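Here's a solo chain for you in structure tokens, the form predicted on its own.
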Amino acid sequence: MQLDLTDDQELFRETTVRFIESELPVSRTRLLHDHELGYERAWLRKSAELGWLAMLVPEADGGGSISGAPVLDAAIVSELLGRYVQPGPFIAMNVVASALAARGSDKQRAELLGGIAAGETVATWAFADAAGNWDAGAGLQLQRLGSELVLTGRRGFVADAASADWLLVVATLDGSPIQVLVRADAPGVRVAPLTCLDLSRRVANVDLDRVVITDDDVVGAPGIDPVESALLHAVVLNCADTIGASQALFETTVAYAKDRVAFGRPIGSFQALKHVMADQALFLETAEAGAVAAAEALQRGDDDAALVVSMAAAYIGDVANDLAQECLQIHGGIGFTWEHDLHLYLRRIRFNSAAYGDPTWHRERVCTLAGLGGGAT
């Protein structure tokens, strides 16, 4: 992305690239496509040693960021994860870390944040309804029975639920959004893995059948703020991931257009393709600017951060999908083959555009936040 990196951030980025290219380059990620969890826990712990999972965790709780701007530092990593189609629960774990850091009790922070930062504890965010839509509490009943709270219902398309030790579940209590911590192995929790379009990702439905928790498991007080903050962090990191995948795919396509010869000339010299690639370069540059604006707005805590983030997400989701399709067309037949990496990026981009609210949902949200009507909340 077009972040103005400090010297420390530049070094951090270079170190991250070296780690990925050494430990899990794109060619090696294919070997994990049939892996039950999609990644190795040992690899996750190694990535944690670089600080990938500690950036949104305060230093007092065992974390810390490279530059003191944790959202921007996390966006740097997320972009590279998209560029190299990396597996693993990076976004989900950072979302949970940010929620606990901001709203968690002393006990919750002490028990979980250190383990998350070290990659020893895997936590994921269960926010969507059974259809995968953002709708806080829909299809999930949370009742108070004496001193206990009882969860019944389903959270859909939960990222890395099969490998998670903890779930941060979005529900409603007395009509207000709330987030609660649930052990993945608690009685009544059942994880049902789903087939995911993105071969590097794992998602599952999580059914909760009268799962008993207590007030000690509630993260923050009921209300929109804690859920809103988690959503903004997820969307910003997801946008950065999409930009990374889009950049890699576009660069590969331009190189192919220069090398592929037809009728005695590189196909990239044909006017029709030059116009397409010039347009896509422009769209990609504006999408990058949107991703940077969203990350910086969230980092600064701007009053209009939610508006900026959803504007960026709506635009990036549409542009990235169009770019991926155009890149596929430019490659022609080879782009449809299993052996070519193009489909890995296309799958990543398509999946990202539907995660954490699709472009239509974010456009409606922009209208709502701008006071123009709309239904997204």
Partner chain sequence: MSDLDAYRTQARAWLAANLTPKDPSKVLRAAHGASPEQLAADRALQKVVYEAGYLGIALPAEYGGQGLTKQHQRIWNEESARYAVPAPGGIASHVTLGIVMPTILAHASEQQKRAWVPKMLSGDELWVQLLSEPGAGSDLAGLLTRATLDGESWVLNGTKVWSSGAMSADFGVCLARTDWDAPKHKGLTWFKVPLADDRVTVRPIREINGSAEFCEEFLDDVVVGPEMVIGEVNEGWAITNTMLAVERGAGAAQSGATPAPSDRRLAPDLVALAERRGTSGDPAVRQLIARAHINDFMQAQLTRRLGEAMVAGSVQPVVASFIKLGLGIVQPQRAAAAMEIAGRGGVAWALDDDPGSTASVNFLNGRIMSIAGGSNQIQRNIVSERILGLPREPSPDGDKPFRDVLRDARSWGKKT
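Positions refer to the first chain, counted from 1. Bear in mind the structure is a predicted one, so any value in this text is a computation, not a measurement.
The next section is about a form of this same protein that is not shown, the form predicted together with its partner chain.
- Checking 215, 120, 185, 279 against its partner chain in the model of the complex, a heavy atom within 4.5 Å turns up for just one residue: 279.
- Screening 144, 275, 107, 210 for any heavy atom within 4.5 Å of its partner chain in the model of the complex leaves a single hit, 275.
- Residue contact check for residue 39: none of its heavy atoms lie within 4.5 Å of its partner chain in the model of the complex.
- Taking the partner from elsewhere, residue 52 is found to have every heavy atom lying beyond 4.5 Å of its partner chain in the model of the complex.
- A residue is said to contact a partner when one of its heavy atoms sits within 4.5 Å of a partner heavy atom; residue 354 fails this definition for its partner chain in the model of the complex, lying far away.
- Heavy atoms of residue 290 reach within 4.5 Å of its partner chain in the model of the complex, making it an interface residue.
- Contact with its partner chain in the model of the complex, defined as a heavy atom within 4.5 Å, is made by all three of 250, 296 and 368.
- With the partner omitted here, the stretch from 171-179, 97-105, 300-308, 226-234 that lies within 4.5 Å of its partner chain by heavy atoms in the model of the complex is 300-308.
- Counting a residue when any of its non-hydrogen atoms is within 4.5 Å of its partner chain in the model of the complex, the hits in 327-363 run 360, 363.
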